[in-house]
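Only one chain is shown below, in structure tokens, and it's the form predicted on its own.
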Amino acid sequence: MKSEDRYPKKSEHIRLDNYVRRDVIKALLGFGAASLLPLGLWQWVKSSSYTNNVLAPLRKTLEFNEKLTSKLLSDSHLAPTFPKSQAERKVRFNGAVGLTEPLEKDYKIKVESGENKFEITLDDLKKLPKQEIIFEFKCIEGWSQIQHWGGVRFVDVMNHYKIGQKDAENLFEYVGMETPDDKYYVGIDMPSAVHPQTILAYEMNGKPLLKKHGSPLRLIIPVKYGYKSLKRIGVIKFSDTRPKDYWALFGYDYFAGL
């Protein structure tokens, strides 16, 4: 075999270069066309109107997620729990909205359930069976932490005081909770409120709550993101209309389920 037969001829090199060039150009054109699709989609989203402080297509996505996660919620859908040894001693916290004003010495929780209106003290709640839970508290900002809380199950409070029921067979659809100064507030769907892991917490790591963690009483809902777990409960109201919700007004998901 001659040495010149071992290697492609010049004409073959040219033909190969043309094939490569053609394939590269096709790939670039395909990539460019593909990149225009999400760009055009995002431009369409940005040009749409707002619904509850969120662009309408994004709000539709949140509503779809809400329907999906709410259907998954049940008494058997429990947040994973952990031994006390894994609970964080230095508990992280976010935000102080509703905690800046001094707390009244005669602290009481105002309750409204239809025509039934009364007040509950912290000592009243402590007479009910105590419930402790160690779970992974999850923040919408992306961090999580195993935390240990103690208090009373919200459903036990409802049953003891016979609240939350609008008639002999039906519960109200929602529970609204507010801080004493009305600066922070949440709306909770009834299935989440009566979930067996939902508690009104007055202890953290076996000790009374600190101010920054919602002293003297806060809400803990392990099956939802942390922004639903209201600190310093001052008011509890039952209703069939969605109560106002602090972060939902800023466009966050109302259901906030995990």
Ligand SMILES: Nc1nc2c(c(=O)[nH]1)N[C@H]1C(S)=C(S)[C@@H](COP(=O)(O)O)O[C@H]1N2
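When you see a residue number, it is the position in the sequence shown, counting from 1. The structure displayed is predicted, hence computed values, not measured ones.
Absent from the display: the form predicted in complex with the named molecule. The rest refers to it.
Participant: Among the candidate residues 125, 111, 99, 134, which is the single one with a non-hydrogen atom no more than 4.5 Å from the named molecule in the model of the complex?
Facilitator: Checked against the cut-off, the match is 99.
Participant: Exactly one residue in 82, 93, 107, 161 has a non-hydrogen atom within 4.5 Å of the named molecule in the model of the complex; which is it?
Facilitator: Of the candidates 82, 93, 107, 161, 93 is the one lying within 4.5 Å of the named molecule in the model of the complex.
Participant: With the partner removed from view, which of 137-145, 82-90, 167-175, 115-123 is the stretch that lies within 4.5 Å of the named molecule in the model of the complex, judged by heavy atom distances?
Facilitator: Careful reading of the contacts points to 137-145.
Participant: The named molecule in the model of the complex: within 4.5 Å of a heavy atom of each of 179, 218 and 231?
Facilitator: So, yes: the whole triplet contacts the named molecule.
Participant: Is there a non-hydrogen atom of residue 195 within 4.5 angstroms of a non-hydrogen atom of the named molecule in the model of the complex?
Facilitator: Output for residue 195 is no: heavy atoms all beyond 4.5 Å of the named molecule.
Participant: Would residue 247 count as a contact of the named molecule in the model of the complex, using a 4.5 angstroms cut-off between non-hydrogen atoms?
Facilitator: Result yes; residue 247 sits at the interface with the named molecule in the model of the complex.
Participant: Considering non-hydrogen atoms and a 4.5 Å limit, does the named molecule approach residue 202 in the model of the complex?
Facilitator: Taking the distances in the model of the complex, the answer for residue 202 is no, it never comes within 4.5 Å of the named molecule.
Participant: Does any heavy atom of residue 154 come within 4.5 Å of a heavy atom of the named molecule in the model of the complex?
Facilitator: It does not: once the named molecule is placed as it appears in the model of the complex, residue 154 has no heavy atom within 4.5 Å of it.
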